[in-house]
Ligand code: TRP
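Heads up, the chain below is alone and in the form predicted on its own; it's given as structure tokens.
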Amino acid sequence: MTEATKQKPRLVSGDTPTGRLHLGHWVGSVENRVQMQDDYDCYFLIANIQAFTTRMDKPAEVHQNVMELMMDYLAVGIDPKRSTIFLQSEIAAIAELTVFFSMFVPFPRVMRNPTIKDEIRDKGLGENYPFGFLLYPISQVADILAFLSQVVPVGEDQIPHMELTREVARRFNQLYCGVDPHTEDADYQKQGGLFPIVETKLGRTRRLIGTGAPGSDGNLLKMSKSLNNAIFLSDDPDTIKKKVMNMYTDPNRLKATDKGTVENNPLWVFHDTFNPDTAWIEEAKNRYREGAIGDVECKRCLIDVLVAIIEPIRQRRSQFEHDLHYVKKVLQEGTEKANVVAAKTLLLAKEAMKQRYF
């Protein structure tokens, strides 16, 4: 590690390996990660243990999804020469810190986490989720604090987890490092605290909707693989074309000459998010409202925009699909590096807790 790298602020982020990355991941967090690599000492986590909280009976699927995520990371531009990609299950310090940090979080506090409630509902878990599912927010705290991270690029749904991370860091620093509770978050380490109070970096689009129809409550649904409403960063042009041409728009617009609604219309949400030609967007929106332009013409334009973004990523990914030895090598080397950093943090934490005996 160079002296310049040491001086960079630390960044940690990652994903649960549940499948390939899609456009929602891109604008929610991944785009930020790629852009921040030069200015931060970046560590990117593949949270395979977290995947087991709902897929413990599908180990082969989790294994395959780890490799899918690795190839996506490399294809979007996460550079092993500038960033470290590592596997959660191979970092023993994360597991040990998870146990210690679990002492800081009362059970009712975990259950107040809205993301936990949403996942229980959306995944149809009912009362049949394992205890490990409730433990994963604490594990996520350990993922971040094990690397003394100062900033975490995440999507909107991760905001509750970031607040829990800040709560644990403050409490640890106050209890074991003697930091005054009235200290400003930015000053905790200056006052002797071990852990930074992390900052959250949100993407330019907090919650990208999917290509499908609204839910039963009338609200547009978030892009998700499980809802079959996602456009993946590995989709080929024909697949993108098919998905966009089938995209939900204004259900009251039966023909191209009908006046259309732009608000909460996925077609225009996607143009606003991905199309850099803002002049065309504004002109086309006005024509759409007046029934002077059809859905097909607007969708064809969107197809061109999305293919221009995704096709270079897909082509790079295809190269990694034919060189899995390199992909595994990058993951192994990154994990070895991450182990050194996390183990050092664990020793510092145990010293602060007076639990280092040897």
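Predicted, not measured: the structure shown is a model, and the values here were computed from it. The first residue of the sequence shown is number 1, and the count goes up from there.
Not on display, but discussed next: the form predicted in complex with tryptophan (TRP).
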query	finding
Contact residue in the predicted complex, chosen from Y188, F270, F101, Y136 - any heavy atom within 4.5 Å of tryptophan (TRP)	Y136
In the predicted complex, the residue from L45, M70, C42, L306 that sits within 4.5 Å of tryptophan (TRP) by heavy atoms	L45
Candidate stretches 275-283, 76-84, 234-242, 142-150 - the one whose heavy atoms come within 4.5 Å of tryptophan (TRP) in the predicted complex	142-150
Tryptophan (TRP) contact at G14 in the predicted complex, heavy atom, 4.5 Å	yes
Interface membership of T205, tryptophan (TRP) in the predicted complex, 4.5 Å heavy atom rule	no
Contact of I209 with tryptophan (TRP) in the predicted complex (heavy atom, 4.5 Å)	no
is_contact(Q158, tryptophan (TRP)) in the predicted complex, heavy atom dist at most 4.5 Å	yes
Within 180-204, the residues that have a heavy atom no more than 4.5 Å from tryptophan (TRP) in the predicted complex	none
